[in-house]
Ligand SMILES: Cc1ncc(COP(=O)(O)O)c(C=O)c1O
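Heads up, the chain below is alone and in the form predicted on its own; it's given as structure tokens.
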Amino acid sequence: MTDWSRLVRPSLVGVDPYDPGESMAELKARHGLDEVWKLNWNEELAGPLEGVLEEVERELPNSWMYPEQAYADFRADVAAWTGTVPARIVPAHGIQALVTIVATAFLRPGDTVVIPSPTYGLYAQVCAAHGAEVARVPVRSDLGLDLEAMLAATERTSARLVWVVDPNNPTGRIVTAAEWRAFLDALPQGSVAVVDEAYREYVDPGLRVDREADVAAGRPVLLLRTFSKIFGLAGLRLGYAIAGEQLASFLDVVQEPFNVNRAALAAGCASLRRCELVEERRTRAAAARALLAARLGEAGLESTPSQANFLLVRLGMDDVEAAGSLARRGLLIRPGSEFGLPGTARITVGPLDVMERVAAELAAARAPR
């Protein structure tokens, strides 16, 4: 019997693969449910924007061709949307793919990366698999990113990459423009800030940080964005990086050519032609977030201020038990213990009636019996 652990890259040994957990069909069967609301993965519950699927369908007859023109069109449309130039846009099949591409482009065995804690787990997993040492920096007491501590760790370890997540997952907290400017100005030479902005479009426009200007100015900044969240295209796996022209070329060297399919590219371009619907979604998500926070507060449950499409809630009870209780009622929430925040849960926002229901169910679950 071949022992593959002796043949693969040594840094892979001991790194666990991503486990998505039970499927929707398995959950429904286990709990005997006809309907389940997925409030645990931060998907856009409204699905693709109106008219997008029809444009995808019109693109399907071209599936026999490689998508060279579709790539060019996508780069141009994203550049127009973000206020940059097509040469700085690197398409990819989601931010997950981009995390791997960035690690492959930058990391050598023994390099160090700085990552906030808690945050999305893939950064540490992928960087460790590439042989990097992971330096985790706890967030502040208010759960905001501690950029000063992250800078100190970067200087101490001569870190190659610093992962900034804005808004952060699972907290929903954002980085202010002043915090970002101080951080970037103090970033040590030779270190690169990789900024995951997956939830950027949910942020109040007046609170967003203009990092495209930093890329254009040649600062050591790389931006990662996605169509999985507010655009409702998680199943099509579409994302992009905004990088300086030279870096964009290097990233294209290490990722496979045409790694995004025609259907996803068509969906992305169609979504960007519906900008007014994106703003409607942002305001709707903000209203749902406010309602959920208010109802939870009435039940004595405190939530962290968020600018994403989710809330992190302090439950006052065991989070795994609470998640199991709600799952039996067709409401899936994410236990905070999975992020190192026991006693909390992350809840995706959605229709107002569902927000009313999840707040009531949580209040009932923690009530004395």
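Keep in mind it's a predicted model, so treat the numbers as computed, not measured. For every residue, the number given is its place in the sequence shown, counted from 1. For the two forms, the rigid core is made up of the largest set of C-alpha atoms that agree within 1.5 Å on superposition.
Unshown form predicted in complex with the ligand; subsequent notes refer to it.
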Using a 4.5 Å heavy atom cut-off, indicate which stretch of 292-300, 260-268, 175-183, 95-103 touches the ligand in the model of the complex. 95-103
Partner proximity in the model of the complex: W163 to the ligand, non-hydrogen atom cutoff 4.5 Å: no
For Y123, is any heavy atom within 4.5 Å of the ligand in the model of the complex, or not? yes
With heavy atoms only and a cut-off of 4.5 Å, decide whether Y199 touches the ligand in the model of the complex. yes
Is R237 close enough to touch the ligand in the model of the complex, meaning at least one heavy atom pair within 4.5 Å? yes
Using a 4.5 Å heavy atom cut-off, which residue among S228, T112, T82, Q255 comes into contact with the ligand in the model of the complex? S228
Tell me, please, whether between this form and the one not shown the C-alpha of P10 is shifted by 2 Å or more, with the rigid core used for superposition. no
